[in-house]
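The form predicted alone is given below as one chain in structure tokens.
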């Protein structure tokens, strides 16, 4: 970066709060023309909210922005695009049944005639080294090619600032190389790029500057190539983490044994699981970390029985249940709470009573001789509400009427109150305020103390270090060897999450 580059975007003291959480608190940073600027931080650090404000999807509560020295407050994305800001989202918004050119046209304010547009797509894709045929159906494209459609759609607007959210999470290494070459070319031509990624080595290779957010505040700025991935991981996480003192529990027998679990993802653009091995004893909490999209949802599905595998791959108390469905696994003692509350963990339009029945019918014996015992079900729902401090007018209300945090308490409580032998939870305190999060974590620890084997999948490292005995990380569908949390450094955690599978080899050498 030369000292002569002009400031393009300045964000000054921007704050945005939602009920129960301050997403951005007094955030300031600036980007110069042609600069590739990284935005780093854990999940929930406030990155998405910040870029949504820059792109006009969210309005700041306070603070100001300037674009080329002029006041900038886009009321909607259309205004942001008109100013010269373009964004490529992590989740593509493309129609599979249309071709590339038709998809590009849909993203433009006033598209030219199709033939002219196809010509422009061809020339831009050649100019920026992004091979793309305007006539191909989007449904036939790889994830990397779909991303090119989004990028070219942006480039046709001649943006001054291109925002990219987790752009390499779905790309092959070869596609990443193509993308980086394109981004460097854009940067050389004066286009600034705001780049969100969890992959620290990538950021060291590509980015000129980095702004690091933690819990909604800017905690550091740095030049990535002058820092190691470890140093940046420490800045992101805050190296002052001290796990709370916990009673060391005598571990019981192995309650959950997973051996050679490999299974294709049923989710479009999901991550298949590759040879996963671990065991969890009664009284043990295994924390599994990882950046979103590395196989967390698939692992929960495979453990809950929604995704089936060979019988011997998953054993619950010695019973081979890999081929069994959720009901058989529940009967054997396994309960599960997925990340997606509305629609997966709970049926939105059903009452809390009905939702209590859905997952607890077997373990709480709420159905007898084919008839639902509604009195028992109502009293179970009332117990969950009381024990987990679920704020609701009553158990008759629909699940969707509860706030996210209260529904989360209900869903977790419903599983924990079934006297389980094995508990699997994905993102137990996702979107829950600090007090409620502490209560949920304590409830999980209490269940472990009663002899349950617990698997907590979470993107919140503080949470895992607080409640887990052992720690492993998911990266691209592979799981690192679980290691005791005690003595684990932030460096090692960052490297495990970033996919440094070489760490395994290093540790076997001891």
Partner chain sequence: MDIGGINPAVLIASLMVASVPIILAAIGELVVEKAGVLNLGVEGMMIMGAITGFATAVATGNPYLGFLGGAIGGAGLSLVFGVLTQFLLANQVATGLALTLFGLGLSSLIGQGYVGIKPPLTENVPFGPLADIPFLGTVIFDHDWMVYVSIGVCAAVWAVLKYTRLGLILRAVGESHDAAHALGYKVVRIRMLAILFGGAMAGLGGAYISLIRVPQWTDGITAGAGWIALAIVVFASWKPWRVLLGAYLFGGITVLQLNLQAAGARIPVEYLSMSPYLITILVLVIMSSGKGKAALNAPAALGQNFHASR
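Here the structure is a predicted model, which is why all the values come from computation and not from measurement. Residue numbers count along the first chain shown, from 1.
This protein has a second form, the form predicted together with the partner chain, left out of what is shown; the following refers to that one.
Under a 4.5 angstroms heavy atom criterion, identify the one residue in 77, 129, 348, 190 near the partner chain in the predicted bound form.
Going through each option in turn, the one that passes is 77.
Which residue among 178, 196, 439, 105 has a heavy atom within 4.5 angstroms of the partner chain in the predicted bound form?
Flagged contact: 105.
Only one of 97-105, 217-225, 314-322, 298-306 gets a heavy atom within 4.5 Å of the partner chain in the predicted bound form; which is it?
Among the listed stretches, the partner-contacting one is 97-105.
So, residue 393 and the partner chain: in the predicted bound form, are they within 4.5 Å at any heavy atom pair?
Heavy-atom contact with the partner chain at 4.5 Å: absent for residue 393.
Test of understanding: in the predicted bound form, would residue 57 fall inside 4.5 Å of the partner chain by heavy atoms?
Yes, residue 57 sits close enough to the partner chain in the predicted bound form that at least one of its heavy atoms falls within 4.5 Å.
With a 4.5 Å heavy atom cut-off, would you call residue 153 a contact of the partner chain in the predicted bound form?
Heavy-atom contact with the partner chain at 4.5 Å: present for residue 153.
Is there any non-hydrogen atom of residue 89 lying within 4.5 Å of the partner chain in the predicted bound form?
Yes.
If you apply a 4.5 angstroms heavy atom cut-off, which residues in 391-424 are near the partner chain in the predicted bound form?
Counting only heavy atoms within 4.5 Å of the partner chain in the predicted bound form, no residue of 391-424 makes contact.
Considering a change of 3 Å or more, are the Cα atoms of residue 476 and residue 51 closer or farther in the predicted bound form than here?
Compared with the form shown here, the C-alpha atoms of residue 476 and residue 51 sit farther apart in the predicted bound form, by 3 Å or more.
Given a change of 3 Å or more, say if the Cα atoms of residue 295 and residue 139 sit closer or farther in the predicted bound form than in this form.
Closer together, which means the C-alphas of residue 295 and residue 139 are at least 3 Å nearer in the predicted bound form.
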